[in-house]
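Presented below, as structure tokens, is a lone chain in the form predicted on its own.
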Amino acid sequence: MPSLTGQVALVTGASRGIGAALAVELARRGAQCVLVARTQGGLEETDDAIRAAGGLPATLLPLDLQKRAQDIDMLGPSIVARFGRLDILVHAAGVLPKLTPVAHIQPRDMEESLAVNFSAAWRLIRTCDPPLRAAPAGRAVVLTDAVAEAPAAYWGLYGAAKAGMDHLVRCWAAEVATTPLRVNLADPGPVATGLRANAFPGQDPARLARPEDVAPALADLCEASEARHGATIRVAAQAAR
């Protein structure tokens, strides 16, 4: 029997890139996936890939994490109402705002970065905390980026939001340390995604790991056997081709 049979997993950023590849891997391991992303078409493509891999048909929730932020608050209760449980949260959604000097950051760009790269994590924690605590082996994996810990010129808009998200997630981990829930940050390293291509347009994607390469290592963090907690886990070396 697949290791995640009977478990329910919520995956954000699931229409493409790492989020999509990880959703397919979780479904391959038996999880019932609930997929969140902005585009219906992208979610349908991920669902097609899940079915092709032998997974259960996914539940698709088109949701813009910035424009419909308050709808995030209903995800936890809605999933429990439909499936009776929530075992896994994977927050893979993110947006790369303009790379610009800090002194040139515009309010609208800051609002977008904070909404998707920071506030969405806060809302997901609020709505998913109760069912994840109640799960026999709840697991939460939040994707982060090395720039959150290593500030670099022109990356302030993105890095500041990610650093705030990381702090929030670590605080949450400390608060649930005495429960079965395990919460970790995961840094997949350089991966050939759309976000990476926008940030480094001259980089050859063929020299990078693919989303499918890092998905198994990230899915391992969702297994009941994963004992690490409150850690930042870097999986790039394991996944690189």
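The first residue of the shown sequence is 1; numbering continues from there. Quantities reported herein were computed from a predicted structural model and do not represent experimental measurements.
Form predicted together with a small molecule: not shown, discussed below.
Colleague: Tell me, which of 60, 176, 195, 49 has a heavy atom within 4.5 angstroms of the small molecule in the predicted bound form?
Modeller: Of the listed residues, the single hit is 195.
Colleague: Out of 143, 132, 124, 161, which one falls within 4.5 Å of the small molecule in the predicted bound form, going by heavy atoms?
Modeller: In short, 143.
Colleague: Among 166-174, 76-84, 89-97, 103-111, which stretch has residues whose heavy atoms lie within 4.5 Å of the small molecule in the predicted bound form?
Modeller: So the stretch in question is 89-97.
Colleague: Give a yes or no on whether every one of 13, 37 and 188 sits within 4.5 angstroms of the small molecule in the predicted bound form by heavy atom.
Modeller: Each of the three qualifies.
Colleague: Just to confirm, residue 116 within 4.5 Å of the small molecule in the predicted bound form by heavy atoms?
Modeller: Residue 116: contacts the small molecule in the predicted bound form.
Colleague: Would residue 44 count as a contact of the small molecule in the predicted bound form, using a 4.5 angstroms cut-off between non-hydrogen atoms?
Modeller: Output for residue 44 is no: heavy atoms all beyond 4.5 Å of the small molecule.
Colleague: In the predicted bound form, is there a heavy atom of the small molecule that lies within 4.5 Å of any heavy atom of residue 65, even though the partner is absent here?
Modeller: Contact check for residue 65: yes, within 4.5 Å of the small molecule in the predicted bound form.
Colleague: Please determine whether residue 18 contacts the small molecule in the predicted bound form, using a 4.5 Å cut-off between heavy atoms.
Modeller: Contact check for residue 18: yes, within 4.5 Å of the small molecule in the predicted bound form.
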